[in-house]
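Just the one chain here, laid out as structure tokens, in the form predicted on its own.
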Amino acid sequence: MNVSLTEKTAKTLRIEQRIGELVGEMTVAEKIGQMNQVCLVDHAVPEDARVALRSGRIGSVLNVVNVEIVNELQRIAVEESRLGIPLLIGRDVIHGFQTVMPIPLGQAATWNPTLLKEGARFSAQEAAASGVNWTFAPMIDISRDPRWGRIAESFGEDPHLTSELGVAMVRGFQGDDLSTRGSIAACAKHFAGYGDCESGRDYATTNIPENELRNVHLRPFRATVDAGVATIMASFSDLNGIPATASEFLMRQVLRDEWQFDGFVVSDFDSISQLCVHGLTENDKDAALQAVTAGIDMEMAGACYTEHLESLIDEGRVDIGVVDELVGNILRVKFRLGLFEDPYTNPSDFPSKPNADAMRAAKTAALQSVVMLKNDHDVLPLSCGNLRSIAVIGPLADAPYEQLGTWIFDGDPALSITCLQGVHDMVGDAVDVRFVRAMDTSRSRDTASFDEAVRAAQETDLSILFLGEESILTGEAHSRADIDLPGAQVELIRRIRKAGKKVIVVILAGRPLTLTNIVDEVDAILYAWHPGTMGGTAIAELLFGIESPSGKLPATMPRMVGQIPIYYNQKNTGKPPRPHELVFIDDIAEQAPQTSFGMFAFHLDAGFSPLFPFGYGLSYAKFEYKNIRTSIHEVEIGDKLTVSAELTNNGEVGAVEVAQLYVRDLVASVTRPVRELKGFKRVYVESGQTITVEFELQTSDLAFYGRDYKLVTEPGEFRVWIGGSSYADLQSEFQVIARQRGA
């Protein structure tokens, strides 16, 4: 028998025994205390908190990152309370702690799980050095609406990519063993469907049929549960008429019964009392009843449990056995973290901050996250030898705080290498760099400085504009109805264009923006998201060809906001669009008859295609895919096949390409998407080299939730593509057949 497996089983049994013994010793008040998370100040321990800790009425503390205060909180809980139960110290460590990685959507553009795991590991170590042992990440909501501010925290629109990256981040935060130094508990959020909020308005209603819920939105959560994520956070939103905080379907049927999750579920911030605001419950007491019945183990920053749960137990409306179960889930995570053995933090046990390795990881992540959307006439990369002067223009060129993005409570802007600094460091004294901010903020409509910017553009060899969104325009409760470049930025681009020189735009943003009104006004576009601490260095290296762009879009970029939701893995419909037959409003006859014959699904004023599709991204190399093939043409259910293609670099430089595998189930018992991502690989190809890109495809990878909401792989015809985006046109076919009897 495997020794490590035996040891793991023995450890699990010991933990379960200790949980049973400890729960058996606890009073009702102490049990409810474990279910209570409170917000405390970061500079002192208030007397009322000391009293509550001594009486065992606090199980977790939120937003304290002063290690001395954290250690004092732990000391009181462990040494002055009756049972000595240590605390969970929670913090939003979303994409870095002091050293900030690109926003999660930017990290998703790397299509590099290894890189996300490494970044999360450095973030965990920095946070752990401050006493934090629990983070509220990764956010794995499928996000198909760029108006939603929290798309910045997501990995985009695809369940397969989101699953791979979410699992990688969980493993980075938690390490191989939660009890090892530098590991912190991860929290997959928001369970479930939060990213599908109506019109992209944060906290708004979500209505998702169970077929869509299981086939799309729940898949990343299942993947992180299978990977051992320690905790789950319930969504703020109403899902199909039941707020997630009160959903027995989500928390008990799916999470506990079907998936066998044994960590714990935390509410979102004060979301239990918000059940009253939703109109689901009459008062906070009823809200506590519904949440605990659903299976919300811990209440974040609210008082419904502490004020009402004991009386609900006394009245017989809540069984004490239910409470014991929920408390046991919380204690299990504390035991797995090793807090009972060592609750204290010694900062000297961790790497110094800032740490050179963490900064290197931040730079690599920024480099790989940037997506080149346009590069007419190979204007990029730039060469110092061919330039005498550059105009650097825009409000985000020298914005150390803004480039960090949303959710960076502990990020240090003083560490940021800005885009302007990155360009200066790259060219040194060889090229004259003229900087004109032009706008105070990305939202400014004041054009008073535009003349100065135009003069700079006229008097230099070319202009690099650093535009986009400030960090405050994305994140929680920061949704936008208009996702064009804000303020007077479009006018600035057009004014600079009239200077008659080459115009390169670098966009720093927390979401995909609509760029139709500027895409033809510029020669090149680099989409850099909010790139984090080392963004300026990374962007400069890409501009000057030290590295080739390799980022690929994790979310579709619409032509205009009216196309939203627009995503690559849509259904075919009974009248799918036909590109060669599209007509637009101006082409319609004055008295066109209304008919359903020969019609198809598209917008009269936008067509059906996005501006840039999911998976898209250019390179300084010239990649060509050809000769796709499958290892077999028929595969039995339960077996696997290999899909491969030749990838040639016809360019003059070696570079990384993200090769992508897509599949379509042509006929099924429920309608299936026109394409689904099933695999991806980052591969380096030298100039002039041809390599074979190969993907292994299990028939289980083709499974979906059918009419009975059970996971099934059905026999039938499948189409498969390999290419550089979701618009790949190199295709083949194979057939899945039922397993033969006796096989």
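Just so we're clear, the structure is a prediction, and the values are computed from it rather than from any experiment. We number the residues from 1 along the sequence you see.
What comes next is about the form predicted in complex with 1-deoxynojirimycin, which does not appear here.
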**Study point:** Leu373: touches 1-deoxynojirimycin in the predicted complex, heavy atom cutoff 4.5 angstroms
**Key:** no
Exercise for review: Using the partner position in the predicted complex, report whether Met251 sits within 4.5 Å of 1-deoxynojirimycin, counting heavy atoms only.
Suggested key: no
Review point. Should Trp134 be counted as a contact of 1-deoxynojirimycin in the predicted complex, where contact means heavy atoms within 4.5 Å?
Key: no
**Study point:** Met300: touches 1-deoxynojirimycin in the predicted complex, heavy atom cutoff 4.5 angstroms
**Key:** yes
Point to revise | Which of 230 to 238, 422 to 430, 566 to 574, 172 to 180 lines the interface with 1-deoxynojirimycin in the predicted complex (heavy atom within 4.5 Å) | key: 230 to 238
Check your understanding: With 1-deoxynojirimycin left out of view, which of Ile691, Ile69, Val674, Leu62 would have a heavy atom within 4.5 Å of it in the predicted complex?
Key -> Leu62
Study note, to complete from the structure: The one option of Lys363, His308, Arg121, Lys189 with any heavy atom within 4.5 Å of 1-deoxynojirimycin in the predicted complex is Lys189
Exercise for review: Can you work out whether 1-deoxynojirimycin is within 4.5 angstroms of a heavy atom in all three of Asp378, Tyr620 and Glu652 in the predicted complex?
Suggested key: no
Check your understanding: For 309 to 340: residues with a non-hydrogen atom within 4.5 angstroms of 1-deoxynojirimycin in the predicted complex?
Key -> none
